[in-house]
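Just one chain is shown here, as structure tokens, and it is the form predicted on its own.
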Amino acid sequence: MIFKLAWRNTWRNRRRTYITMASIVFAVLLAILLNSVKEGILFRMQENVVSVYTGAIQVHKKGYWEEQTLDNTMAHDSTVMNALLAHTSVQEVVGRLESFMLAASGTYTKASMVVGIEPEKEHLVTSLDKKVISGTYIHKDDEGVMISEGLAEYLKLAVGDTLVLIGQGYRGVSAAGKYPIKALVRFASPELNRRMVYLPLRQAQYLFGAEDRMTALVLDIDNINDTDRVERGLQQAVDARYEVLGWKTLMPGLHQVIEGERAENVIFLFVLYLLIAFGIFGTVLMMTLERQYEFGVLMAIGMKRLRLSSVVVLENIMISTLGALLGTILSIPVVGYFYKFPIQITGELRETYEKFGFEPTFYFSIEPWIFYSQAIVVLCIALVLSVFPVFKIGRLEPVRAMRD
């Protein structure tokens, strides 16, 4: 009976119900779109930056991250490799040997990051092969190098020219070599685009006098969002001679940017939910004051205050639920479309994004929690605002209500 009364009362004043539902539908739709594009952009930023160079997780010799020198390199250890690959989330383990050297050509010199890679595996973590804009991707037996586009422009070099590398190797030995340029690569990050040099791992080990040694093992995992869980599991799987670091430790600046953006999003959503709350409260207030005579009559003929309060609360929940569900249903095709066809930024704004190393595209996320969380929040707001009619009914005097 209570449910029937609430349902009929909901549609007794259709205009009021439709106005309230429309405000909730618009608010829920806007909240879902905002959450979707924000999470989509942040996830893409996180994935892009992490996949450009660091990877989601790295394993080093204990203390390497505090003092990144070739003296803190680690020897190849099949036991550690097997322990890492045994984890269900780890797809591949890629070895690297890296250090700073002086890159030179003619009268031009520039400090550069020289990275020895396993070419046949590196592309699984960083998609390095897709960043080649000129020449051919190197192989494990090549004696040439790949350099970033910005570094090539500074040194006045092109594919086929010779690059000279000068520096210090393992345990202080001199390191120097001349290498033909096999390819140029382009990064979205201006910082990486100005300094990167890639060699096959064997060539890098020979250059630095560090045979069979590496500075890092970079892991390719299933889902970058599982980094913290995988990091904890791997730290227990390897012995104390090694450290397992996730991208949040490797790139604290990026992590702070992402967390700051999410905090900003929470503030915006709070303001939006506040507007929703005022919209719902306006309807509740109007509904409660307009129906004083009705409430008085119902109580005069014997309807208990608790039962009457239940009817009013249920009406409020019905309107809010219908609005939230309709808003969620309408958002699914909209978010789905933009997920498949992201918004491309054009004009001067695109150039600005690219200049600072950001992809000029608005991506959308289709994570399930983005959709159902909005309905839950709106229902919670409706329940909280139902306190007002319950309070009014609790203090209502039937005779005065009917007389007024």
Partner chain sequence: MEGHKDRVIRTEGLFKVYDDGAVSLKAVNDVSLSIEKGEFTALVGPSGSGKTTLLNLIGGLDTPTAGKVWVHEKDISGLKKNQLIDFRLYNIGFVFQAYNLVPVLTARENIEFVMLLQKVGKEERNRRVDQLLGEIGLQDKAGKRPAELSGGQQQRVAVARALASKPQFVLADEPTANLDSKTAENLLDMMAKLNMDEGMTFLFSTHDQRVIDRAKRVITLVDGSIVSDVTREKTTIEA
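These numbers were taken from a predicted model, which means no experiment stands behind them. Positions refer to the first chain, counted from 1. So that the term is clear: the rigid core is the largest set of C-alpha atoms that superpose within 1.5 Å between two forms.
What follows is about the form predicted together with the partner chain, which we do not show.
- Here the chain stands by itself, but in the predicted bound form one stretch of 125-133, 296-304, 264-272, 159-167, 296-304, has heavy atoms within 4.5 Å of the partner chain.
- Listed residues 23, 17, 386, 9 were compared with the partner chain in the predicted bound form; 9 is the one with a heavy atom within 4.5 Å.
- Within this chain, residue 5 lines the site of the partner chain in the predicted bound form, having a heavy atom no more than 4.5 Å away.
- Shown here without the partner chain, the chain has 397, 398, 399 in 366-400 lying with a heavy atom within 4.5 Å of that partner in the predicted bound form.
- Core-superposed comparison between the shown form and the other one: the CA of residue 138 stays below a 2 Å shift.
- Core-superposed comparison between the shown form and the other one: the Cα of residue 315 travels 2 Å or more.
- A displacement of 2 angstroms or greater separates the C-alpha positions of residue 304 between the shown form and the other one, with the rigid core held in common.
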